[in-house]
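Before any questions on how it binds or moves, here is one chain, the form predicted on its own, in structure tokens.
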């Protein structure tokens, strides 16, 4: 594989929270330019933890992190990583902190050294791309859950990242908002890893779908995720199959 196209290379990563068994155990991940990967797995299997390790928000107990061809170990090593990788948090309230939508979306470009006029222009164009023109002066705390999620995505995209890490971007959203997010992601010329429990979403906008189990990502291509129709006495409530 061309090393210039290898964005993220994690080798033998292990991690545990204090007083708990390992969440990640010898995890490997090679993620390259132009890849769009879906990641599934039960709650608590370490998907979000994995994202936080890539961003340097958590430090692994062992293993090696290489991002954009450079070893990332100390806090200083992740400064450039956070400029090039956009993380969409699972909870939009963890992402939004400015009074108005425009201020929030323009914050990233300003922090990257853009002038005020440049940052505002980028913010407006990003909001327009997501169908949020007219939201500029809206107060973020008064937005609906779906609107907060779209604005959160706008804050990430406005930083013009090379990679997106998307943590459950459509969970709990109405179909209209889900459609907007799917459309936006399908039109972006970006590499991304998308965590979701929604197989339909992943099958539409990712090239490969992997699962996490026992602290590792399962890359066995003989294991195929698929959807099927069936009927049984359990009725219409939502359920899962092993």
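Since the model is a prediction, treat every value here as computed from it, not as a measurement. Residue numbers count along the first chain shown, from 1.
Here the subject shifts to the form predicted together with a small molecule, a form of this protein not shown in this document.
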Looking at 180-188, 40-48, 65-73, 201-209, which stretch has residues with any non-hydrogen atom within 4.5 Å of the small molecule in the predicted bound form?
40-48
Triplet 92, 129 and 133 all within 4.5 Å of the small molecule in the predicted bound form via a heavy atom
no
Give a yes or no for residue 10: in the predicted bound form, does one of its heavy atoms lie within 4.5 Å of a heavy atom belonging to the small molecule?
no
Closest heavy atom of residue 17 to the small molecule in the predicted bound form, within 4.5 Å or not?
yes
